[in-house]
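Just one chain is shown here, as structure tokens, and it is the form predicted on its own.
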Amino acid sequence: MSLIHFDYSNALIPQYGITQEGLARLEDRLSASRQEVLDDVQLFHSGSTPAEYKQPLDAGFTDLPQRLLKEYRAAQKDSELGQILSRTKELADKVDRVVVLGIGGSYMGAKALMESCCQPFFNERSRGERGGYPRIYFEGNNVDNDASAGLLDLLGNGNPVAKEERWGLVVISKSGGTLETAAAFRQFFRALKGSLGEDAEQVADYVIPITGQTGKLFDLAAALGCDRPFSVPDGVGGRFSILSAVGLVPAALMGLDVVKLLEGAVAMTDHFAKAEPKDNSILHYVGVMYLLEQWRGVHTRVLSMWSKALESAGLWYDQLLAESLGKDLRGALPLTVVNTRDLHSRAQQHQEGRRDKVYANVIVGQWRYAPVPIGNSEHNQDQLNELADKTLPDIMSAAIAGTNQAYLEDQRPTVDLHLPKVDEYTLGQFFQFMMLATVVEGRLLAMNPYGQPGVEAYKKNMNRILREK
């Protein structure tokens, strides 16, 4: 199967971009940073990390897909992946709707998978058109009163007899102490129990907790009778957890091929570990971004998603980059846009604003549906009949080429990430590509890409203020 292809030729702009020679000179440092990342994995698994060494060392994500697949192929239903497939099937067979509660890395990857790999308007389709899988909703990622109340109203009191009226919960929080998710779980669990009527004693069968091996949610799940929680693995931070149960449980509930998802990630890890620096897409991506920031003061990275289905994948990356490298008064600012939509809102600033941006285009090679032509019309006031044979992919390709040309003519650097198609295998590659690239860049900057101490400040203040009133 094809790998994601990275093209940085439009960033080779002598005055405002990078040079091939500069990237070549960086190869040794990039190789050293790659080796450091690979060594961190071995050190993590050794269990003998010195207390003063790179703490936290959340390197467990790197080979997690390989470990999950190896265990699954050896033990099948008794493996973690086998248990995920079994438990999600049980829940999917009972309900027509599932609410996923989580915030940040506990839901953003799952939402990205739904929008990219499920059919458009998944929740609007009949159960048969959804392959028998439940509708999926996301909450617990904010404290917006009307959003929560509106979803609770939509779910209603339910009918304990009719499957199409029943619903379930997936709650994801490593500690269980994140207020947004904890409050939502209390509210939605109460509503779920009330909706089951005489079956309320079986409410635990309608809940899948995903949490740490200790902590508030672990203890709460046990007290509620949820005796089969899945674990957020040790050594895997929230924003790196998409390929653990955190992402795999919701993905399985959507009917996605989680094996293909993990296989895509394995293929990208293999490329990262084995490809020579001159042929290594991840190292090229890191090198280009690093040089643009160091040489040209390019501190804003615009991730241009040329598919509406990829918007949440871009927002997932926003968190990954911001929390990993936004430290010590450093770190690039991530910005996700969806084109051609946002060419009608942000393009003016991107074309003629400050030269502090690089534009990373994420381009889809093969669309899910057959190309839709413009078509002929007896009403040609819009003068489109001459383009009647052109399709929406033709227009998209012209927009990409035209935008890149406009930026290049003004010496504004762009790079292209070519996705063969949008499916589980490719998304597995994309997630792993971006996670590995971010960690390598952190090591190149002599920065620990793990941990997010700045996020904790608002949490402490919020909890203190609430308890003072």
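Just so it is clear, the structure is predicted and the values come from calculations on it, not from any experiment. So that there is no doubt, residue numbering starts at 1 and follows the sequence shown.
Quick note: we don't show the form predicted in complex with a small molecule, though the next part is all about it.
Looking at the small molecule in the predicted bound form, residues Ser106, Ser175 and Arg239 each place a heavy atom within 4.5 Å of it. In the predicted bound form, the small molecule lies farther than 4.5 Å from every heavy atom of Asn10. Glu139 falls outside the set of residues with a heavy atom inside 4.5 Å of the small molecule in the predicted bound form.
Although the partner is absent here, Thr336 lies well away from the small molecule in the predicted bound form, with no heavy atom inside 4.5 Å.
The closest heavy atom approach of Gln452 to the small molecule in the predicted bound form falls within 4.5 Å. Screening Ser231, Gln319, Gln83, Ser307 for any heavy atom within 4.5 Å of the small molecule in the predicted bound form leaves a single hit, Gln319. Residues with any non-hydrogen atom within 4.5 angstroms of the small molecule in the predicted bound form fall in just one of 85-93, 319-327, 191-199, 277-285: 319-327.
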